[in-house]
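A single chain comes next, written as structure tokens; it is the form predicted alone.
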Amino acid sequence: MTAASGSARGGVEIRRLHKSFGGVRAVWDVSFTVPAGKTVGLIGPNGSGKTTLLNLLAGYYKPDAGEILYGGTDLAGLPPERIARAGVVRTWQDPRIVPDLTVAENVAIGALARGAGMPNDAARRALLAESGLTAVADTPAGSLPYGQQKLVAIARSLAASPAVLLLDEPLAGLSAFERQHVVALIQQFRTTGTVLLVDHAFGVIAQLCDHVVVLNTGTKLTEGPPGVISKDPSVIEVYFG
């Protein structure tokens, strides 16, 4: 499993991004960079703006102001399908699988979303094996337990051969065995791809991420290496405390 060739075009640079809903400032004047080939963790308490930020990056929300620069293009305000075809792919906290399709068919949808056509059988089997889904490949995805449905959704995103992968709490609700599969998938992808990872488990963030950005009440509180962030008094107060 490799990232798309578009990863060579660079990472994602977020410049002064704003998004409000009515009078609520969900994301306010946020700037940071996800460098090409690096994994950046995005943390913060509930309501800090993490999911809103991912939705802005993936095109599900249009920012009120600011830029999202990727490969020389400002993605801000572009529709999700154009952003996905450019190589920036988002996962969700909930699986969002197609319940009546088989696991293998759900995974194949990822390649269609990128406009790459159906993956060949060998590529599909390899991705299913890497995701621990071979035994249920021909099973309707809707009949699987929640943890396996989430694995299907992550495998579907990887089938799109993204250059940048936006992961929204990929380990939430998984068993220890399923978590091992997801961590292995992320570790393999990040050797060639770029990742922005949202998760509440700081141990996972520290294990997988080169850099961490901390949000609080819609603004960027601080950023830095995981070892520095874990000892920052302001982060301890709003996140660990």
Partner chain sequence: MIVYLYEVVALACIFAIASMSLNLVLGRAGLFSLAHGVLLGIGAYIYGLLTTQAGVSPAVGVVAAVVGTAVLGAALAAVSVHLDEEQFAVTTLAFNLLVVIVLTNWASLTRGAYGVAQIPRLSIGDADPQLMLLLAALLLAALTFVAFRALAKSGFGQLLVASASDPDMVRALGGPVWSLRVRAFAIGSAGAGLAGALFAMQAGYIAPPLFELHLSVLILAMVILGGTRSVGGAVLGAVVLIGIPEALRFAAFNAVSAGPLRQIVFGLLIIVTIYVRLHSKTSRA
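Positions refer to the first chain, counted from 1. All values derive from a computational prediction rather than experimental measurement.
This protein has a second form, the form predicted together with the partner chain, left out of what is shown; the following refers to that one.
A.B. asks: Heavy atom within 4.5 Å of the partner chain in the model of the complex: which of Ala137, Leu144, Ala123, Ala108?
C.D. replies: Looking at Ala137, Leu144, Ala123, Ala108 one by one, just Ala108 meets the 4.5 Å heavy-atom criterion.
A.B. asks: Should the three residues Ala26, Lys220 and Tyr239 be counted as contacting the partner chain in the model of the complex, with contact defined as a heavy atom within 4.5 Å for each?
C.D. replies: No, none of Ala26, Lys220 and Tyr239 comes within 4.5 Å of the partner chain in the model of the complex.
A.B. asks: Of 167-175, 127-135, 144-152, 98-106, which is the one stretch near the partner chain in the model of the complex, taking non-hydrogen atoms within 4.5 angstroms as near?
C.D. replies: Only one stretch qualifies here: 98-106.
A.B. asks: In the model of the complex, is there a heavy atom of the partner chain that lies within 4.5 Å of any heavy atom of Ala163, even though the partner is absent here?
C.D. replies: No - in the model of the complex, heavy atoms of Ala163 and the partner chain never come within 4.5 Å of each other.
A.B. asks: For the stretch 55-83, I need every residue with any heavy atom inside 4.5 Å of the partner chain in the model of the complex, listed N to C.
C.D. replies: Tyr60, Pro79, Pro80, Glu81, in sequence order.
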